[in-house]
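Taking the form predicted alone, here's one chain by itself in structure tokens.
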């Protein structure tokens, strides 16, 4: 509880926490949805917002409110798969490259740099086209995870290089600590803020890329996501027809999600940083 109280003192964490709770609560409604968002013309089409349809219906005969709940849930699934799976690549690569150095570092950083210099978006688009029929939410998340680890590995590696030169590293080695024990017990507390921040950044990047691929029509468009909602709104000329409630729903949800993830990343990273914890302890002692 003390951790939560400390975090809530930061307005960025408070705002992001509230926004995410609202979005998660909204997405959880999808489990109780009275409609199937993949079935067209189940209800009247192009209805404005009303007590029966809170956000109206689109030109496919789908309730926009319930479609938005499914969209948030599915986009978060893609983001979580991409973020979590990419950490299983990022952390070992960064730890090995930073601690071992030498040939290991050069080989791993050559692979990482290769992912940074190649046109990732074009490659992802090409792969999405090739496997479009089998591109489920999990498959899309795994695809993005394979390309979302390189920059994070380089950032975390730089921190490991700095930690390797500190006195506690030599002390741990002389006391008989192995590489795995040293990495988990000595280095992880320092790199956890970076791991957490880069995790959230990758999640935001994955959501943005999912929206981009959907607008281009390169993923399964019958699966409701934030991107596919925007795609169908643009395809049916929602702007020209004045149906702003249809287009604004996924746009506003996307903006809120991006803001919440960014503020959560910044505030949590600052709190988890060991140097910030030392400053907080010093301030509490002076008080």
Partner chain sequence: MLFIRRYLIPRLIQYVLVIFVGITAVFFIPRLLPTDPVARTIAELRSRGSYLDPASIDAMVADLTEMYGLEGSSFDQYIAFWQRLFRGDFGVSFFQFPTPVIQLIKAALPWTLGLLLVTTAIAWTAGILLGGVAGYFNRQGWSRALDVLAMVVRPMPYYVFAFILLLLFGYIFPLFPVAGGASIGRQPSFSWPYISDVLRHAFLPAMSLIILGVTAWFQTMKLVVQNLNAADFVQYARFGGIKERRIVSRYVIRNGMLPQITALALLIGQIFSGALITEIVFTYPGLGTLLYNAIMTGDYNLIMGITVFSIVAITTAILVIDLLYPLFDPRIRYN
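Positions refer to the first chain, counted from 1. Throughout, rigid core stands for the largest set of C-alpha atoms superposing within 1.5 Å between the two forms. Computed from a predicted model, the values in this text were never measured in an experiment.
Omitted from view is the form predicted in complex with the partner chain, to which the following refers.
**Student:** Using the partner position in the predicted bound form, report whether residue 110 sits within 4.5 Å of the partner chain, counting heavy atoms only.
**Tutor:** So residue 110 counts as contacting the partner chain.
**Student:** Quick check on residue 54: any heavy atom within 4.5 Å of the partner chain in the predicted bound form?
**Tutor:** No, residue 54 sits far enough from the partner chain in the predicted bound form that none of its heavy atoms falls within 4.5 Å.
**Student:** Check whether residue 17 has any heavy atom within 4.5 Å of a heavy atom of the partner chain in the predicted bound form, and answer yes or no.
**Tutor:** So residue 17 does not count as contacting the partner chain.
**Student:** Evaluate residue 114 for contact with the partner chain in the predicted bound form, applying a 4.5 angstroms cut-off between non-hydrogen atoms, and reply yes or no.
**Tutor:** Yes, contact at 4.5 Å.
**Student:** Report the residue, out of 84, 142, 215, 89, that has at least one non-hydrogen atom within 4.5 angstroms of the partner chain in the predicted bound form.
**Tutor:** Answer to the contact question: 215.
**Student:** Could you spot which one of 43, 259, 29, 35 gets a heavy atom to within 4.5 Å of the partner chain in the predicted bound form?
**Tutor:** Selected option: 259.
**Student:** May I ask whether 21, 150 and 155 each come within 4.5 Å of the partner chain in the predicted bound form, counting any non-hydrogen atom?
**Tutor:** No: none of 21, 150 and 155 comes within 4.5 Å of the partner chain in the predicted bound form.
**Student:** Taking the partner chain in the predicted bound form, which residues along 113-139 bring a heavy atom to within 4.5 Å of it?
**Tutor:** 113, 114, 116, 117, 118, 119, 121, 122, 123, 125, 126, 127, 129, 130, 131, 132, 133 sit within 4.5 Å of the partner.
**Student:** Superpose the two forms on their rigid core, then report whether the C-alpha of residue 102 is displaced by 2 angstroms or more between the shown form and the other one.
**Tutor:** No, its C-alpha moves less than 2 Å.
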